[in-house]
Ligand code: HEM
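To begin, one chain is listed below as structure tokens, in the form predicted alone.
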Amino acid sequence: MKLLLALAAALTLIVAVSSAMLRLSLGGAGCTPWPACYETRADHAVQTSLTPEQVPGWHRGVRLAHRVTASLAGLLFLMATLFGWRRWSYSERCAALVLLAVSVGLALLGRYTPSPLPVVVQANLLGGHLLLAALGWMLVRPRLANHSSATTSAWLPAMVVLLMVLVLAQAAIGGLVSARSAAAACQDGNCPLFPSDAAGAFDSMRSNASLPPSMHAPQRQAVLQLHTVSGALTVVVALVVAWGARRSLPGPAMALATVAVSGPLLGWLMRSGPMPLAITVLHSLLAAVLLALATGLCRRLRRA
């Protein structure tokens, strides 16, 4: 059963990577000439009306791989649930139901993707994150009832839950950055921490057509700055969690700290110049990996 879940997790990662490649490349990541090409995508309506000549040739193969792996992953979710339901604990059954419900929801959402509404991008991102989190929960075993907790701080489980909430919030804001074409909003060097006149920036049901087309519009700057601040808070909490788990769970603690720090470093590289597609995709994927690690750590801290 664990092998089946591990295979499902690998397929889910492929789905997440292929989805990010399609979404971010259509949004202008890796385009040339930079940054003029990115600014033309500031109006999200452009992304949903590209001519066949404007769509990269590799999209067809990646889109096919995305559909095939998503279908296989959904089939594995169903198989694992059917064969493992009786032996699973209550929390594992809840995680399995999350897998099934989210996978069906994402399949239905695919009919409306791409969309001019940021909420669709956010729902796709959060859905992928939740799938990896549920798989992380099911793959990790809780500690034994007689396991010594002398090296585990009493506050650690609560901090791990806080970290999971922050990562989900950060992913939602990151989806808004992507949908608003705001990743390069501060590359002119004149970006206030709290931009004024940012009305409508955080309304996920409002398309970019109602916003100023400039890449450096206050609305886009506000979204990007919020993403930066929330990212910094997420890193601080992740490092506190890693420090608290360093003795009882040194391996997961090190992995958690490494992933948490890597995300902002990639974000800084993206803000300081052109955004290569590979770096942008990795930056998006690290949030999902961080949530899966935090979920696994939360599971490990529970008693059987």
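Being a predicted model, the structure only gives us computed values, none of them experimental. Heads up: residue numbers just count along the shown sequence, starting at 1.
Quick note: we don't show the form predicted in complex with this ligand, though the next part is all about it.
A heavy atom within 4.5 Å of this ligand in the predicted bound form is found for exactly one of Ala95, Ala73, Leu224, Met215: Leu224. Taking Gly231, Gly84, Pro116, Pro157 one by one, only a single residue has any non-hydrogen atom within 4.5 Å of this ligand in the predicted bound form, and it is Gly231. Using a 4.5 Å cut-off to this ligand in the predicted bound form, not one of Leu22, Leu26 and Arg63 places a heavy atom inside that distance. Residues within 4.5 angstroms of this ligand in the predicted bound form, judged by any non-hydrogen atom, belong to 176 to 184 and to none of the other stretches in 176 to 184, 100 to 108, 85 to 93, 130 to 138. This ligand is not drawn, but in the predicted bound form it has a heavy atom within 4.5 Å of Ala171. Contact annotation: Arg271 falls within 4.5 Å of this ligand in the predicted bound form, judged by heavy atom distances. Remark: Ala287 counts among the residues lining this ligand in the predicted bound form, judged by a heavy atom distance of 4.5 Å or less. In the predicted bound form, this ligand sits beyond 4.5 Å of every heavy atom of Thr295. The partner is not shown here, but in the predicted bound form the stretch 252 to 283 reaches within 4.5 angstroms of this ligand through a heavy atom at Pro264, Gly267, Trp268, Met270, Arg271, Thr280, His283.
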